[in-house]
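Before any questions on binding or motion, here is one chain by itself as structure tokens, the form predicted alone.
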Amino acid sequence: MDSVVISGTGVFTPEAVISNAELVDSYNEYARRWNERHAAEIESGAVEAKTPSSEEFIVKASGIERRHVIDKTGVLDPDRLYPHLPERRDDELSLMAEMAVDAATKALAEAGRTAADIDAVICAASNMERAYPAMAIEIQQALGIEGFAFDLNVACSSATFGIQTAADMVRCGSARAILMVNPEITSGHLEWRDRDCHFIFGDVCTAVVIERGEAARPGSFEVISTRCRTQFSNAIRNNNGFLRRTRDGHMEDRRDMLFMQEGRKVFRQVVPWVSEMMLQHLADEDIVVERISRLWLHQANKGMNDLIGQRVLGRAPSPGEQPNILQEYANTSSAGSIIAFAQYKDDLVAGDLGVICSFGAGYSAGSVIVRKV
């Protein structure tokens, strides 16, 4: 079988930035107004008052300092607290496709490839703008790529699952090169009115080019091995879907129709599960952890990443060994580990090994061992 490499990466970053201070101000004003409207119920004990948020709480809970979003105004409006994304005509490029084209163009340039070199497009993301046609086919069309395209959704692990899917297809000869994109408009599925999670997510899009090693540029990263794992859990969930209108009582504003998680439970269950998977993956490939130069982990929570890194390496990882980008981007679902990889790969030298790892709802986890060529 052919060797496979990641030869190019690209990141689209929205211009709008929301700081923790801005987010706290808007949320606290919303909470103040809500408490004022429900003062009688709060007084009687029928409902609980909404607790204010704070910058200190956000940083301690997550390590996040700011996030990029497609629309800032709607998110910060205390009377709205969700983005305003105008509907586009059917003959206009969709928002997710627009983001993907930007990131893909950068990835193709880094790989030294054009649309003519790509045989397939995979759109791997936690939320799709529509049910069909596949987002990937629209992106394929916009870029002028022939061949085929399809969507893939494994929540926050979509990118690593997408890399494994693309790598397997290239290895078996069904494609020369594949473009894998991760457009994430997470601001759309976040409940900005929930103090426990209103700070978690940001918008972004990443892209990678995966191709045969023999044709790639020096400096690419060979995909040595991939591993995916899933285990069903309701601890991270979004119940929205196309069957919603078929069920009585589901059309109103329901909390479970947006992102929900049991944060402490997720932390307690996912950290050992992912750490064990990464260690077993390395052991199965006869790679000792001392040979690993870098861990590019899913960017959801700094404490979670630090603990996973410590369990995998057997000691506290240095910032250079396990770079975090969530302080700038927040949790960008499937794109997080790819942002970290894109921004912190160029200093490695030929022969250096690293692991791209994602984990999230499902539960799902993906591990990709790479070596710089």
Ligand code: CO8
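Small disclaimer: the values here were computed from a predicted structure and weren't measured. Don't overthink the numbering: it's just position in the shown sequence, from 1.
Omitted here: the form predicted together with the named molecule. The next part is about that form.
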Quiz item: Does residue 236 reach the named molecule in the predicted complex if we count a contact as any heavy atom within 4.5 Å?
Solution: yes
Quiz prompt | is_contact(residue 26, the named molecule) in the predicted complex, heavy atom dist at most 4.5 Å | solution = no
Quiz item: residue 161: heavy atom within 4.5 Å of the named molecule in the predicted complex?
Solution: no
Quiz item: Is there a heavy atom of residue 62 no more than 4.5 Å from a heavy atom of the named molecule in the predicted complex?
Solution: yes
Quiz item: Taking the named molecule in the predicted complex as the reference, which of 212, 227, 195, 72 has a non-hydrogen atom within 4.5 Å?
Solution: 195
Quiz item: Which one, 205, 139, 111, 300, lies within 4.5 Å of the named molecule in the predicted complex by heavy atoms?
Solution: 300
Quiz item: Is every one of 53, 200 and 263 in contact with the named molecule in the predicted complex, taking contact as a heavy atom within 4.5 Å?
Solution: yes
Self-check item: Candidate stretches 112 to 120, 90 to 98, 274 to 282, 182 to 190 - the one whose heavy atoms come within 4.5 Å of the named molecule in the predicted complex
Solution: 182 to 190
Quiz item: Using a 4.5 Å cut-off on heavy atoms, which residues of 116 to 152 contact the named molecule in the predicted complex?
Solution: 126
